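So this first bit is one chain, no partners, the form predicted alone, shown in structure tokens.
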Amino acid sequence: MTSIKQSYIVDGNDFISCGHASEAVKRTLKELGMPSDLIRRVAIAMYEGEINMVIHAEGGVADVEIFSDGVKIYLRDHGKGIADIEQAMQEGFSTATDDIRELGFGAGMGLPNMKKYADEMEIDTEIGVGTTVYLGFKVR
């Protein structure tokens, strides 16, 4: 199979439509007959990325490339950037506002969960410019 490329706009501050991109990728992976473990891991990590873009960056773009042996995801935003990646990777750390927490989001598990479910993860961030998170998943 040649690769399949998909791109999704993630609307900022739109908790209603958040998750549509990860759901669409999940559906595509199922249609392609990809292993259920891969589908689950991709869906969880991508949803966490979408939520982070909505909460912290007023949206962004999710670019997905599907191969016969795995998936690559690039989550790009033009938000404020991550001041301390090491701290942001700690479970429970969050810079979400009280309003966001009252909605049930911002528990500080987004980046840790993305790392937990992906086989590869890289974060490129610049304060005041934005963040790109790369997630790589392999068929196991």
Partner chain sequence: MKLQEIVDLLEAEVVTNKELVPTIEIHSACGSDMMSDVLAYVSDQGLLLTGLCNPQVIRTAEMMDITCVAFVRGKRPDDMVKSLAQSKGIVILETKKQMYQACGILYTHGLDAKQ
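Positions refer to the first chain, counted from 1. The structure displayed is predicted, hence computed values, not measured ones.
The same protein also exists as the form predicted together with the partner chain; that form is not shown, yet it is the one meant from here on.
Contact annotation for Asn13: none of its heavy atoms lies within 4.5 Å of the partner chain in the predicted bound form. Among heavy atoms of Ser22, some come within 4.5 Å of the partner chain in the predicted bound form. For Leu38, no non-hydrogen atom is located within 4.5 Å of the partner chain in the predicted bound form, even though that partner is not displayed.
A residue is said to contact a partner when one of its heavy atoms sits within 4.5 Å of a partner heavy atom; Met89 fails this definition for the partner chain in the predicted bound form, lying far away. Contact check for Cys18, Glu102 and Asn113: all three have a heavy atom within 4.5 Å of the partner chain in the predicted bound form. Lys26 is the sole member of Lys72, Arg76, Lys26, Lys80 with a non-hydrogen atom lying within 4.5 angstroms of the partner chain in the predicted bound form. Contacts with the partner chain in the predicted bound form, taken as any heavy atom within 4.5 Å, map within 35-49 to Arg40, Ala43, Ile44, Tyr47, Glu48.
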